[in-house]
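Take a look at this one chain, the form predicted alone, written out in structure tokens.
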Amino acid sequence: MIVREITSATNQLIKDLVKLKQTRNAKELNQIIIEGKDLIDMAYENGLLDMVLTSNRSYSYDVQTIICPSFILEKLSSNKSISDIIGVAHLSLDNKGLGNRIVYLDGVQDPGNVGTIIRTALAFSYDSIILSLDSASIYNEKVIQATKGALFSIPVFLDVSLQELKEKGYQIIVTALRNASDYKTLTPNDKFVLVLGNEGQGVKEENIDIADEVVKISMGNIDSLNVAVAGGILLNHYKKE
């Protein structure tokens, strides 16, 4: 563990880290700022933690450690309540196989929804997540916070073709409101992809067209649910017992 002390917010390292608060910079460098000991612990346990900055000398992680005053942590933080520790981590995208049980987000654009679905997928033991390019970025700070560290424990893939997955033998299960069966009537195959769509437009028509199964959640009083809520219901029902 390398420990150093920084007391100035104009230090070049601090200026470089501040840039990671912008999604495009985080994506380009494949590094993210994480806040809260729970996220930092999960990144560390998965070998993805690069650095910690803290005003508390009692923390001990076997990574580069910067001791700094709270005003520097405030400069790096995006939260109103400032933690006494901030981490810098990288993402290990596409580093493992897709597995058999996949969640595909088709244009899900709200960062909170994306993060919540990733967290839910991990909770119900799905093998991986695929994000279409028009979904909220995995490097978005609100996505990162909403995952509560789950993004460090479940493989995330970007822009994998559903048609390619179908050709590889995956059953494509799409959610839609029209021409759909109740989700409870379906027993998925051993290899399947559950596709959740955009908050307003739903799953793209071209993806519905290649689906093996189209399912819906039957409801009364309202015609649709928030995608993260609907995803939670479906992921729980189709989880491996």
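From 1 onward, residues are counted along the sequence shown. For clarity, every value in this text was computed on a predicted model and none was experimentally measured.
There is also a form predicted in complex with another copy of the chain; it is not shown, and the following applies to it.
Engineer: Please name which of the stretches 84-92, 115-123, 157-165, 133-141 has residues with heavy atoms lying within 4.5 Å of another copy of the chain in the model of the complex.
Structural biologist: Every other range fails; the passing one is 115-123.
Engineer: Answer yes if any heavy atom of residue 192 is within 4.5 Å of a heavy atom of another copy of the chain in the model of the complex; otherwise answer no.
Structural biologist: No - in the model of the complex, heavy atoms of residue 192 and another copy of the chain never come within 4.5 Å of each other.
Engineer: Can residue 25 be called a contact residue for another copy of the chain in the model of the complex at 4.5 Å between heavy atoms?
Structural biologist: Outside the cut-off, so no.
Engineer: Give a yes/no on whether residue 57 approaches another copy of the chain to within 4.5 Å in the model of the complex, heavy atoms considered.
Structural biologist: Flag for residue 57 set to no.
Engineer: Residue 239 near another copy of the chain in the model of the complex, any heavy atom under 4.5 Å?
Structural biologist: So residue 239 counts as contacting another copy of the chain.
Engineer: What I'd like checked is whether 9, 11 and 18 together line another copy of the chain in the model of the complex, meaning each has a non-hydrogen atom within 4.5 Å of it.
Structural biologist: Checking in the model of the complex: none of 9, 11 and 18 is within 4.5 Å of another copy of the chain.
Engineer: Hey, which residues along 175-195 are within 4.5 angstroms of another copy of the chain in the model of the complex, non-hydrogen atoms only?
Structural biologist: Going through 175-195 in order - heavy atoms within 4.5 Å of another copy of the chain in the model of the complex - the hits are 183, 184.
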